[in-house]
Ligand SMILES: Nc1ncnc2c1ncn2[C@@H]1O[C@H](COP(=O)(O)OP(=O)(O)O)[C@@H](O)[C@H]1O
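Before any questions on how it binds or moves, here is one chain, the form predicted alone, in structure tokens.
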């Protein structure tokens, strides 16, 4: 696999009340096509800032980001970004309309995804009619439909109950792999990171630097299968120790 994105010596400072707050310090890693990367670290360490920088939503202070080819990003935020005046169907299609892609040709795919995620009966409803987990699924469908080169997920399953969380995480993994996409997910959930990622990047406390990159060898198991193995526990314990000592 070739790298499609490379982060070199990246740092980020904020200026708050005439004080410099250093959030990210000398971050270096590569993203390969068909690779899932999970970034873990304590709350407030700069994980979300890093995603925003990668997608050009936020400037960085020092360093360099090298895009090996023109890339499109699908960003699924932690907070709810649905428009209350649009139906579920129209919220799902919004990304296609904004990017001016041919959304009529995607209607069959949309219907399939709505059925798959148990939202087909709600397609003409509005966000206030949905639970938090259902709203997250609508955001996921909207992100999938634009067919980005890299999916960026910021704590995407935090609003879901545990069973739905496992099901959708497993499905996202299969979707990304079957379509040979790259994905970067930030999470505080170590088990989630280990189960879904090909590589876990462990960040220190702020100012965050990379403590360690850990390659996860699943032996071709999907996330649900891998959670049942001894190796899953070994990786989880290793990352837990790194975060506690970092």
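Just so it is clear, the model here is predicted, and its values are computed rather than measured. Positions refer to the first chain, counted from 1.
Note that the form predicted together with the ligand isn't included here; everything after this is about it.
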Work out which of the listed stretches, 175 to 183, 40 to 48, 63 to 71, 194 to 202, brings a heavy atom within 4.5 angstroms of the ligand in the model of the complex. 40 to 48
Heavy atom to heavy atom, is residue 20 within 4.5 Å of the ligand in the model of the complex? no
Contact test in the model of the complex: residue 30 vs the ligand, heavy atoms, 4.5 Å: no
At 4.5 Å between heavy atoms, is residue 206 in contact with the ligand in the model of the complex? yes
Even though the ligand is not shown here, does residue 78 get within 4.5 Å of it in the model of the complex, heavy atoms only? yes
